[in-house]
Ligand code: AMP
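Presented as structure tokens, the chain that follows is alone, the form predicted alone.
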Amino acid sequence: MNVLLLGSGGREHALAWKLSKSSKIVKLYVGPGNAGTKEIAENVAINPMNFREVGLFCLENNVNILVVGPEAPLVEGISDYFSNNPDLKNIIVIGPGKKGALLEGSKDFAKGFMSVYGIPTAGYFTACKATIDKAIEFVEKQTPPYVLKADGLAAGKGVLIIDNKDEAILSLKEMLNGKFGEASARVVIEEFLSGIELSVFVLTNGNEYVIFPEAKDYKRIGEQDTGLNTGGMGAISPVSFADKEFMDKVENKIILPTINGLNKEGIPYLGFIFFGLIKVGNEPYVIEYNVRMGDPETEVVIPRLKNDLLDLFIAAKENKLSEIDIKFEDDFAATVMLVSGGYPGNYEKGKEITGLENNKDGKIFHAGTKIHNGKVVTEGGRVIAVTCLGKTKDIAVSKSLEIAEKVSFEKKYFRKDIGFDL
């Protein structure tokens, strides 16, 4: 089979690395890819948001499966573009249609969906300019901190957690007046939940599903979870506090009602669902849905998967997921993200990366790299994810840190405390 994977980050490199191991793949393309995917697949210079360009490439290269890595093409309807095109409709697309992608594309839709189907989540109010007075009343009834979320996609920057009530009300007004563009034309104000977070992933065809290992990522730039939020500075899998009792609650109170809700809403779904959860006491609550794998969680979840990933995709399409015995490594996986100096603020690109050969005890996934004049250089804020497995969390983290020290580029920064709270 010929496979096209869309995206260019660490998530896509990890997925491509796993797919490249399948004996069923004749040709693996990644569009646009990065310097890492170039080593295991053919990078193609296509824009994931240009659906016509993607479709033409698939036809010209006899692509059988399209795997959509990032969320934006899904929210904009790439799956529908393929299913509604007579020439493309037989290509398997891993990723939901536009209606299913609303789980991530609209915080308000997701909260309403959870409310209807009894899925535990924080109390909320959705504000727009016309309801600003009621929104302020809702804020005033909350205890700090105050959680404000842009309804639409905001490149990971649309969530504000503010301790001061007056600042929260000011930020609410700024968001509704375009702070995050059209994404914050509506703002979801949430009750703050206090607990510890984790991520759970399923691959589903809307009826059956398989549960991937849980993971915990670390969003703050500074050690001990301080400083600005980032796209993710590292991750751990498995998560020590997610025992069988807790995960049974996740499946019965969250995963099953979500799948059943999609069915009742008549929303077809083929792809991943990422449940961003928080454990409050010993109960799971949904913070958010994503409609693709997480990043950097993919970099710890996928290396633990023993099955052929392509087999799982085919089984999902053929309604045979229930026949799959999904298996994972018992070892812990840890990933440490190397980022550009200044990230998540302003940072420079084009810095040469050396030491990438120092990975015999782990795997280096490229998150923001490209080839320039024959050299691997930085191309993003998050540059390299170093993943290692070990019998314990501490062993896995130590191995990742050892490799992270050996990879070098100007103003490199990484956290040395990934997994500190587990």
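These numbers come from a predicted model, not from an experiment. Numbering starts at 1 and runs along the sequence shown.
We do not show the form predicted in complex with the named molecule, though everything after this point is about it.
For the marked spot (210, 251 and 326), a heavy atom within 4.5 Å of the named molecule in the predicted bound form is absent from each of the three residues. Among residues of the shown chain, residue 108 is not one whose heavy atoms approach the named molecule to within 4.5 Å in the predicted bound form. Taking the partner from the other structure, the named molecule in the predicted bound form has a heavy atom within 4.5 Å of a heavy atom of residue 219. Not displayed here, the named molecule is kept clear of residue 202 by more than 4.5 Å at the level of heavy atoms in the predicted bound form. Interface residue remark: residue 75 is not counted as part of the site for the named molecule in the predicted bound form, having no heavy atom within 4.5 Å. The partner is not drawn, yet in the predicted bound form one stretch among 302-310, 337-345, 192-200, 134-142 has residues with heavy atoms inside 4.5 Å of the named molecule: 192-200. For the options 154, 161, 228, 128, the residue carrying a heavy atom within 4.5 angstroms of the named molecule in the predicted bound form is 161.
Contact annotation: of the candidates 175, 114, 169, 147, the single residue with a non-hydrogen atom within 4.5 angstroms of the named molecule in the predicted bound form is 147. Shown here without the named molecule, the chain has 287, 288 in 280-302 lying with a heavy atom within 4.5 Å of that partner in the predicted bound form.
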